[in-house]
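Only one chain is given next, in structure tokens, and it is the form predicted alone.
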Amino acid sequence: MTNALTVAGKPQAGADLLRIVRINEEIKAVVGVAFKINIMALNAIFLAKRAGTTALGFGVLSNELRVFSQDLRTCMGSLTDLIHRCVNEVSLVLQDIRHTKLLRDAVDLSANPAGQAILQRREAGNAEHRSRLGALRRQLQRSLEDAFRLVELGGVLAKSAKIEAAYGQAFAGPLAQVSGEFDGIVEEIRNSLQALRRSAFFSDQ
């Protein structure tokens, strides 16, 4: 490894750490919204029961949205775990950069050939940490894609609930309001995940 590569690596690793923190904050916000969907779905199921046979379809879709919110929270939990692992690896990469620079400076001041062997072992370890970070980055990106597809399914459920609300007769108004709220929240989550997919953390691979 050259000194130029090490110097260039530090700003990227530092930027990666900031990007991961931002991704984590956005995911925590999505988890909070997913919890709201679960509460709304339970209320919608209760409302559908009050409406009776005219809202059977709405009740089924409300239950599916409740399941969706639980699946989404599980998915976000997996993403959070991956992010924590990414933070650990980026921290190791930053530590590698600092330690390698100190070691290289010491080797440059010394004529001892053993110093070069130590430096080579250190750089081999650095490469391993960067490789692990790259693998985690790709795994996080795939998991985000899975979450995005799940949310698109949630969007289909929410829009179907809006259609079913129209058959609620006397309860059509309240059912339409609830289904509209579902649609709005799922769209908010979709936009959040869309923004995460465009994070420079993935484009700088």
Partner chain sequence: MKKTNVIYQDGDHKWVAIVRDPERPGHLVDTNEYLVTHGGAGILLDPGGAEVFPAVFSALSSEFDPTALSAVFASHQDPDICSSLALWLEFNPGMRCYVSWLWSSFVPHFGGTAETFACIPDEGMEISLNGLQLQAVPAHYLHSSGNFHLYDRQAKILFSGDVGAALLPADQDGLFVENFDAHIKHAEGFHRRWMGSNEAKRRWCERVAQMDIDMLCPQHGAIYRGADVHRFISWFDDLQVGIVGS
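Numbering follows the first chain given and starts at 1. Note that the coordinates shown come from a computational prediction; the quantities given were computed from them, not determined experimentally.
Form predicted in complex with its partner chain: not shown, discussed below.
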Inset, instruction - Can you work out whether its partner chain is within 4.5 angstroms of a heavy atom in all three of 106, 109 and 112 in the predicted complex? - result: yes
Inset, instruction - Look at the stretches 86-94, 68-76, 131-139, 116-124 and give the one with heavy atoms within 4.5 Å of its partner chain in the predicted complex. - result: 116-124
Inset, instruction - Using the arrangement in the predicted complex, list in sequence order the residues of 66-103 with any heavy atom within 4.5 angstroms of its partner chain. - result: 98, 99, 102, 103
